[in-house]
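Just one chain is shown here, as C-alpha coordinates, and it is the form predicted alone.
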Amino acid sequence: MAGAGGADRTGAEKLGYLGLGMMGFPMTRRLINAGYDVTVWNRSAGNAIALVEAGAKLAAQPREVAAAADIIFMCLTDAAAVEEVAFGPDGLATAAGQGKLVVDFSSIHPDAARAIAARLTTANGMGWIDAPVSGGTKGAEEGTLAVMAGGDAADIEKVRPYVLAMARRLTHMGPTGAGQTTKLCNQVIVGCAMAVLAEAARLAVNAGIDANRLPEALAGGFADSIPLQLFVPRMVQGIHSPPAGHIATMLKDLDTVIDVARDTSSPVPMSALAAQLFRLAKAALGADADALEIYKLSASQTG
(Lines give C-alpha, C1' and ligand atoms only; values in the text may rest on other atoms or scores of the structure.)
Protein backbone atom coordinates (compact mmCIF):
# COMPACT_ATOMS: atom_id res chain seq x y z
CA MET A 1 0.00 0.00 0.00
CA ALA A 2 1.02 3.62 -0.20
CA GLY A 3 0.71 6.18 2.56
CA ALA A 4 -1.16 9.38 1.89
CA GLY A 5 0.88 11.21 -0.71
CA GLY A 6 3.59 8.52 -0.61
CA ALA A 7 5.01 6.43 -3.43
CA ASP A 8 4.04 2.80 -3.82
CA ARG A 9 6.84 0.57 -2.46
CA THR A 10 5.94 -2.72 -4.16
CA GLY A 11 8.43 -5.41 -3.22
CA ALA A 12 9.50 -3.74 0.00
CA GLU A 13 9.39 -5.56 3.31
CA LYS A 14 6.24 -5.14 5.36
CA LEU A 15 6.94 -3.07 8.44
CA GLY A 16 5.59 -2.80 11.96
CA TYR A 17 6.02 -0.18 14.67
CA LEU A 18 5.37 -0.68 18.39
CA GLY A 19 5.23 2.35 20.69
CA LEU A 20 3.84 5.59 19.28
CA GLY A 21 5.11 8.11 21.81
CA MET A 22 7.18 11.26 21.39
CA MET A 23 9.66 9.49 19.11
CA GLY A 24 7.66 6.59 17.71
CA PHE A 25 4.81 8.66 16.33
CA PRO A 26 6.87 10.95 14.05
CA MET A 27 9.17 8.08 13.04
CA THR A 28 6.20 5.96 11.99
CA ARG A 29 4.68 8.89 10.11
CA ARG A 30 7.86 9.15 8.05
CA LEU A 31 7.60 5.45 7.10
CA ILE A 32 3.97 5.93 6.03
CA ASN A 33 4.81 9.07 4.06
CA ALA A 34 7.59 7.14 2.31
CA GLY A 35 4.96 4.71 1.03
CA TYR A 36 5.70 1.67 3.17
CA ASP A 37 3.14 -0.86 4.38
CA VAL A 38 3.12 -0.27 8.16
CA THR A 39 1.16 -2.00 10.92
CA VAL A 40 1.17 -0.19 14.26
CA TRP A 41 0.40 -0.89 17.91
CA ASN A 42 0.41 1.31 20.97
CA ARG A 43 -0.73 0.63 24.52
CA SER A 44 -3.09 3.61 24.18
CA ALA A 45 -4.79 3.06 20.83
CA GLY A 46 -5.79 6.72 20.59
CA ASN A 47 -2.19 7.63 19.73
CA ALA A 48 -2.54 5.62 16.52
CA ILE A 49 -5.64 7.34 15.11
CA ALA A 50 -3.81 9.95 13.03
CA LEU A 51 -1.40 7.31 11.68
CA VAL A 52 -4.26 5.01 10.69
CA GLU A 53 -5.91 7.93 8.92
CA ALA A 54 -2.62 8.44 7.05
CA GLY A 55 -2.58 4.82 5.88
CA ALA A 56 -1.25 2.59 8.67
CA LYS A 57 -2.99 -0.59 9.80
CA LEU A 58 -3.86 -0.90 13.49
CA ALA A 59 -3.10 -4.05 15.47
CA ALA A 60 -4.73 -4.97 18.75
CA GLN A 61 -1.60 -6.46 20.27
CA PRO A 62 2.13 -6.88 19.51
CA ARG A 63 1.75 -10.44 18.19
CA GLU A 64 -0.52 -9.11 15.41
CA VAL A 65 2.24 -6.70 14.36
CA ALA A 66 4.73 -9.59 14.32
CA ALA A 67 2.33 -11.65 12.19
CA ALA A 68 1.83 -8.82 9.68
CA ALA A 69 5.39 -7.49 9.40
CA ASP A 70 8.80 -8.72 8.30
CA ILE A 71 10.67 -5.99 10.19
CA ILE A 72 9.30 -4.75 13.51
CA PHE A 73 10.49 -1.42 14.85
CA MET A 74 9.80 -0.30 18.39
CA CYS A 75 10.56 2.57 20.73
CA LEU A 76 9.50 2.01 24.33
CA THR A 77 10.10 3.61 27.71
CA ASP A 78 12.45 1.15 29.38
CA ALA A 79 13.63 -2.46 29.57
CA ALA A 80 10.52 -3.56 31.48
CA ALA A 81 8.30 -2.27 28.66
CA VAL A 82 10.49 -3.94 26.03
CA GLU A 83 10.35 -7.25 27.90
CA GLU A 84 6.56 -7.03 28.27
CA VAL A 85 6.06 -6.37 24.55
CA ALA A 86 8.41 -9.20 23.66
CA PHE A 87 7.28 -11.84 26.15
CA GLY A 88 3.87 -10.82 27.47
CA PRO A 89 0.76 -12.97 26.87
CA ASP A 90 0.25 -11.42 23.41
CA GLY A 91 3.89 -10.49 22.84
CA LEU A 92 6.23 -10.95 19.91
CA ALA A 93 7.43 -14.32 21.19
CA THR A 94 3.93 -15.80 20.72
CA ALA A 95 4.06 -15.25 16.92
CA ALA A 96 5.98 -17.15 14.26
CA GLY A 97 9.31 -15.36 14.00
CA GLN A 98 11.74 -17.21 11.75
CA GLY A 99 13.32 -14.80 9.27
CA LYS A 100 11.84 -11.72 10.95
CA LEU A 101 13.78 -8.90 12.60
CA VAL A 102 13.10 -6.64 15.57
CA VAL A 103 14.81 -3.23 15.55
CA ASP A 104 14.62 -1.75 19.05
CA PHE A 105 15.07 2.02 19.16
CA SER A 106 14.53 2.07 22.95
CA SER A 107 17.39 3.06 25.27
CA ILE A 108 17.98 0.19 27.72
CA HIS A 109 20.87 -1.45 29.55
CA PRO A 110 23.22 -3.31 27.17
CA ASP A 111 22.90 -6.44 29.33
CA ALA A 112 19.10 -6.27 29.00
CA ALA A 113 19.38 -5.93 25.22
CA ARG A 114 21.60 -9.00 25.00
CA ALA A 115 19.37 -11.06 27.30
CA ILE A 116 16.11 -10.12 25.53
CA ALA A 117 17.64 -10.74 22.09
CA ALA A 118 18.88 -14.21 23.06
CA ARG A 119 15.61 -15.15 24.74
CA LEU A 120 13.49 -14.07 21.74
CA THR A 121 15.68 -15.90 19.23
CA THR A 122 15.36 -19.05 21.35
CA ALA A 123 11.59 -18.61 21.64
CA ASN A 124 10.70 -18.16 17.96
CA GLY A 125 13.79 -17.46 15.86
CA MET A 126 13.35 -13.68 15.57
CA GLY A 127 16.52 -11.67 15.04
CA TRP A 128 17.29 -8.57 17.10
CA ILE A 129 19.04 -5.26 16.46
CA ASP A 130 19.51 -2.82 19.32
CA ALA A 131 19.39 0.58 17.66
CA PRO A 132 18.94 3.49 20.08
CA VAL A 133 18.67 6.95 18.57
CA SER A 134 19.88 10.47 19.20
CA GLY A 135 18.38 13.71 17.94
CA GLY A 136 15.20 14.13 19.97
CA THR A 137 11.69 14.78 18.72
CA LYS A 138 12.96 17.40 16.25
CA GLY A 139 15.23 14.81 14.67
CA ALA A 140 12.40 12.27 14.59
CA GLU A 141 10.11 14.73 12.82
CA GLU A 142 12.75 15.87 10.32
CA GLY A 143 14.36 12.47 9.70
CA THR A 144 17.75 13.63 10.94
CA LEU A 145 18.26 11.13 13.75
CA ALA A 146 21.55 9.36 14.39
CA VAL A 147 21.07 5.63 14.95
CA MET A 148 23.74 3.47 16.58
CA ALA A 149 23.22 -0.25 16.10
CA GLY A 150 24.34 -3.54 17.56
CA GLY A 151 23.69 -6.87 15.87
CA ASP A 152 24.52 -8.99 12.85
CA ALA A 153 25.99 -7.01 9.95
CA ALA A 154 23.75 -8.64 7.32
CA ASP A 155 20.64 -7.90 9.40
CA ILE A 156 21.64 -4.26 9.74
CA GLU A 157 22.13 -3.93 5.98
CA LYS A 158 18.69 -5.46 5.46
CA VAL A 159 17.00 -2.79 7.60
CA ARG A 160 19.20 0.13 6.50
CA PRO A 161 16.92 1.55 3.77
CA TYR A 162 13.93 1.58 6.12
CA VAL A 163 15.86 3.11 9.01
CA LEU A 164 17.18 5.82 6.68
CA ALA A 165 13.58 6.82 5.93
CA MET A 166 13.52 7.89 9.60
CA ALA A 167 17.13 8.90 10.22
CA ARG A 168 20.12 10.58 8.61
CA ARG A 169 22.70 8.08 9.82
CA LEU A 170 22.84 4.39 10.80
CA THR A 171 26.16 3.17 12.18
CA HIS A 172 26.90 -0.49 12.95
CA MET A 173 28.88 -0.44 16.20
CA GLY A 174 29.37 -4.18 16.81
CA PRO A 175 27.46 -7.18 18.18
CA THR A 176 24.21 -7.08 20.13
CA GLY A 177 24.44 -4.54 22.96
CA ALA A 178 26.98 -2.34 21.17
CA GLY A 179 24.29 0.09 20.06
CA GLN A 180 23.11 0.53 23.64
CA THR A 181 26.66 1.08 24.87
CA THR A 182 27.19 3.72 22.19
CA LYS A 183 23.97 5.46 23.27
CA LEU A 184 25.32 5.57 26.83
CA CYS A 185 28.41 7.38 25.51
CA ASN A 186 26.02 9.79 23.78
CA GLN A 187 24.16 10.35 27.04
CA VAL A 188 27.38 11.05 28.93
CA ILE A 189 27.96 13.92 26.53
CA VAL A 190 24.35 15.15 26.36
CA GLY A 191 23.59 14.84 30.08
CA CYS A 192 26.78 16.58 31.13
CA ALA A 193 26.26 19.23 28.42
CA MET A 194 22.79 20.04 29.74
CA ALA A 195 24.19 20.52 33.24
CA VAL A 196 27.12 22.64 32.03
CA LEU A 197 24.98 24.79 29.72
CA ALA A 198 22.55 25.43 32.57
CA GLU A 199 25.49 26.59 34.68
CA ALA A 200 26.85 28.87 31.95
CA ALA A 201 23.43 30.37 31.24
CA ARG A 202 22.78 31.02 34.92
CA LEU A 203 26.20 32.72 35.27
CA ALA A 204 25.36 34.98 32.33
CA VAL A 205 21.99 35.96 33.81
CA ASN A 206 23.39 36.58 37.29
CA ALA A 207 26.22 38.67 35.86
CA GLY A 208 23.77 40.85 33.96
CA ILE A 209 24.37 39.87 30.34
CA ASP A 210 21.79 38.61 27.85
CA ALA A 211 22.05 34.82 28.01
CA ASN A 212 19.89 34.57 24.88
CA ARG A 213 22.86 35.89 22.91
CA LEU A 214 25.31 33.22 24.10
CA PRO A 215 24.65 30.96 21.09
CA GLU A 216 25.30 33.87 18.70
CA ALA A 217 28.37 35.07 20.58
CA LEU A 218 29.97 31.63 20.83
CA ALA A 219 29.04 30.36 17.36
CA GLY A 220 32.07 29.05 15.51
CA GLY A 221 34.28 28.99 18.59
CA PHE A 222 35.43 25.97 20.58
CA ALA A 223 32.35 26.18 22.83
CA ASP A 224 29.92 26.00 19.91
CA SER A 225 27.74 22.90 19.61
CA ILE A 226 24.26 21.78 18.65
CA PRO A 227 23.25 21.61 22.35
CA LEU A 228 24.47 25.19 22.88
CA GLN A 229 22.44 26.46 19.94
CA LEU A 230 19.28 24.51 20.79
CA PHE A 231 19.22 24.24 24.58
CA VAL A 232 20.34 27.60 25.95
CA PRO A 233 17.53 29.67 24.36
CA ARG A 234 14.97 27.14 25.59
CA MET A 235 16.42 27.21 29.11
CA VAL A 236 16.53 30.99 29.35
CA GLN A 237 13.13 31.58 27.72
CA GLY A 238 11.43 28.77 29.61
CA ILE A 239 10.38 26.87 26.47
CA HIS A 240 9.64 23.31 27.58
CA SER A 241 7.00 22.07 25.15
CA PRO A 242 7.64 19.78 23.48
CA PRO A 243 10.26 18.62 25.98
CA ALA A 244 13.81 17.89 24.84
CA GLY A 245 13.40 14.74 26.94
CA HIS A 246 12.08 13.91 30.36
CA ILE A 247 14.20 14.26 33.49
CA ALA A 248 13.42 10.66 34.44
CA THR A 249 14.69 9.40 31.08
CA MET A 250 17.99 11.27 31.33
CA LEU A 251 18.45 10.09 34.91
CA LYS A 252 17.73 6.48 33.89
CA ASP A 253 20.40 6.67 31.20
CA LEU A 254 23.01 8.30 33.44
CA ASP A 255 22.37 5.72 36.15
CA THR A 256 22.92 3.03 33.51
CA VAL A 257 26.19 4.73 32.53
CA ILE A 258 27.33 4.52 36.14
CA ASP A 259 26.34 0.84 36.34
CA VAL A 260 28.23 -0.09 33.17
CA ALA A 261 31.19 2.03 34.29
CA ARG A 262 31.32 0.08 37.55
CA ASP A 263 31.34 -3.23 35.65
CA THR A 264 34.11 -2.03 33.31
CA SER A 265 36.22 -0.17 35.90
CA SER A 266 35.67 3.10 34.02
CA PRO A 267 35.86 6.34 36.02
CA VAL A 268 32.88 8.58 35.21
CA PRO A 269 33.00 11.45 37.74
CA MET A 270 31.30 13.95 35.43
CA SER A 271 28.44 11.57 34.65
CA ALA A 272 28.00 10.78 38.32
CA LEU A 273 27.73 14.49 39.16
CA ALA A 274 25.27 15.08 36.30
CA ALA A 275 23.18 12.16 37.55
CA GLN A 276 22.96 13.70 41.01
CA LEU A 277 21.90 17.05 39.54
CA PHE A 278 19.15 15.35 37.55
CA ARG A 279 18.14 13.43 40.68
CA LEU A 280 17.74 16.78 42.46
CA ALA A 281 15.79 18.11 39.47
CA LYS A 282 13.50 15.07 39.56
CA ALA A 283 12.79 15.64 43.26
CA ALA A 284 12.18 19.35 42.76
CA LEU A 285 10.38 19.42 39.41
CA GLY A 286 8.98 15.93 38.82
CA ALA A 287 9.97 12.94 36.71
CA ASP A 288 8.09 14.13 33.61
CA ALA A 289 9.54 17.65 33.58
CA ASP A 290 11.67 18.65 30.59
CA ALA A 291 15.31 17.71 31.17
CA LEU A 292 16.27 21.30 30.26
CA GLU A 293 14.49 22.47 33.40
CA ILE A 294 17.69 21.52 35.22
CA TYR A 295 18.39 25.23 34.62
CA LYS A 296 15.74 26.02 37.23
CA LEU A 297 17.70 24.35 40.03
CA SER A 298 19.72 27.52 40.60
CA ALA A 299 16.87 29.98 39.99
CA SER A 300 16.25 30.69 43.68
CA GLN A 301 19.75 32.13 43.96
CA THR A 302 18.89 34.87 41.46
CA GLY A 303 15.69 36.07 43.06
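Just so it is clear, the structure is predicted and the values come from calculations on it, not from any experiment. One rule holds for the numbers: they count along the sequence shown, beginning at 1.
Although not depicted, the form predicted in complex with another copy of the chain is the subject of the following passage.
- Taken together, the three residues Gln98, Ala153 and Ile156 all stay farther than 4.5 Å from another copy of the chain in the predicted complex, as judged by their closest heavy atom.
- Though the partner is left out of this view, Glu142 does not reach within 4.5 Å of another copy of the chain in the predicted complex, counting heavy atoms only.
- Residue contact check for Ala34: none of its heavy atoms lie within 4.5 Å of another copy of the chain in the predicted complex.
- For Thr264, a non-hydrogen atom is located within 4.5 Å of another copy of the chain in the predicted complex, even though that partner is not displayed.
- Taking the partner from the other structure, another copy of the chain in the predicted complex has no heavy atom within 4.5 Å of any heavy atom of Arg119.
- Of the candidate stretches 74 to 82, 88 to 96, 101 to 109, 208 to 216, only 208 to 216 has residues with heavy atoms within 4.5 Å of another copy of the chain in the predicted complex.
- Residues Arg213, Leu214, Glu216, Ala217, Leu218, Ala219, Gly220, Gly221, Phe222, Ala223, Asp224, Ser225, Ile226, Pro227, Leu228, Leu230, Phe231 are the members of 213 to 234 with a non-hydrogen atom no more than 4.5 angstroms from another copy of the chain in the predicted complex.
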